[in-house]
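Just the one chain here, laid out as structure tokens, in the form predicted alone.
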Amino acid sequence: MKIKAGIIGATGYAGAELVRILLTHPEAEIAAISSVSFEGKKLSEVYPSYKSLCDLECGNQDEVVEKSDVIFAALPHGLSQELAAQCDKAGKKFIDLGADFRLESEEEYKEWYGCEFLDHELHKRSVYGLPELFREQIKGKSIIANPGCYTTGAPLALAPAIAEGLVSTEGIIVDSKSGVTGAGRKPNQGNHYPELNEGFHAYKVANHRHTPEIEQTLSKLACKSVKITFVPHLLPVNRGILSTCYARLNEGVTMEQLRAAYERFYENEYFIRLLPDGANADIHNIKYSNFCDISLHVDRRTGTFVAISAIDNMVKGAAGQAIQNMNLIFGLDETTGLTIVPPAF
């Protein structure tokens, strides 16, 4: 019997991407969807590309919980905690694509999001769903905090170097560029075409909400507190995130040691593609896929290690990773339904 999947917030970009991938998943089927903005409308009316493929009507949240084995919540922060409790009470699996369960510290959640933990026991039972780093903790769990987009690409770029102590944890810089879908579907001046086209700018400099999430992951890898400087930028493209991460090499560390560490760390990771020396990670090569491409570089003059990752912010940075987590919690092969080949052009 197939896993019955429900999507709350199905008409946002992440929700629509969940639909796209789940439609071809061999072990799952979409049981119900909901949308506050488009309740009563068919998804194919909102996204005509889904005509005859997904003509489900957007119902309400309770219907989705009732009909589903696993509920994906593609909602803004602050809206998932009560829903998680509802799913938990009903014995349903819950995967949150929002931020409500990502931070372990309530103080940081208050500082960066202005919200409190409503159920501390529920937060203790939740697991951070970055499979390449926390796979064993995810398996079989019921409440998964799906990482953000920046918070997937940057930690994956740095993880082996941090975990093996090859770079200093002081002065790390993460410089990321994202496609505009990362800003969500709701229009505003920042993603209005004339404002975005032929432009390129940083935003929320050293003040982005993904900062503590990246630090939380890197601190776990380093087994000590890690602080970073994080600067995101908005690219005039639809999708993709390129993260260029800078760290000071520890004394005597060579490029050969770094490459060996990355090859060991990611040896059995299907979705991590470690590029050869001289190649550069490029968002063009990972579009619509769940892959994370990583290239490694050393500035010998300054002793700086540069790790660059490229992911699709809507797939590995959101919906694809959520389905990867679903596969893990239901005991499926992790790649099931996710062997999507990026287009060549």
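In case it trips you up, residue 1 is the first one in the sequence shown, and so on. It should be emphasised that the depicted structure is a prediction, and the values quoted were computed from it without experimental measurement.
Omitted from view is the form predicted together with a further copy of the same chain, to which the following refers.
Colleague: How about residue 277: is it within 4.5 Å of a further copy of the same chain in the predicted bound form, going by heavy atoms?
Modeller: So residue 277 does not count as contacting a further copy of the same chain.
Colleague: Report whether the minimum heavy atom distance between residue 57 and a further copy of the same chain in the predicted bound form is within 4.5 Å.
Modeller: It does not: once a further copy of the same chain is placed as it appears in the predicted bound form, residue 57 has no heavy atom within 4.5 Å of it.
Colleague: Is the gap between residue 239 and a further copy of the same chain in the predicted bound form 4.5 Å or less for some heavy atom pair?
Modeller: Output for residue 239 is yes: heavy atoms within 4.5 Å of a further copy of the same chain.
Colleague: Using a 4.5 angstroms cut-off on non-hydrogen atoms, would residue 250 count as touching a further copy of the same chain in the predicted bound form?
Modeller: No.
Colleague: Looking at heavy atoms inside 4.5 Å, which stretch does a further copy of the same chain contact in the predicted bound form, given the options 184-192, 117-125, 82-90, 153-161?
Modeller: So the stretch in question is 184-192.
Colleague: Would you kindly say which of 75, 221, 103, 180 lies with a heavy atom within 4.5 Å of a further copy of the same chain in the predicted bound form?
Modeller: Result of the distance check: 180.
Colleague: a further copy of the same chain isn't shown here, but in the predicted bound form which of 110, 141, 135, 233 has a heavy atom within 4.5 Å of it?
Modeller: For this set of options, the contacting one is 233.
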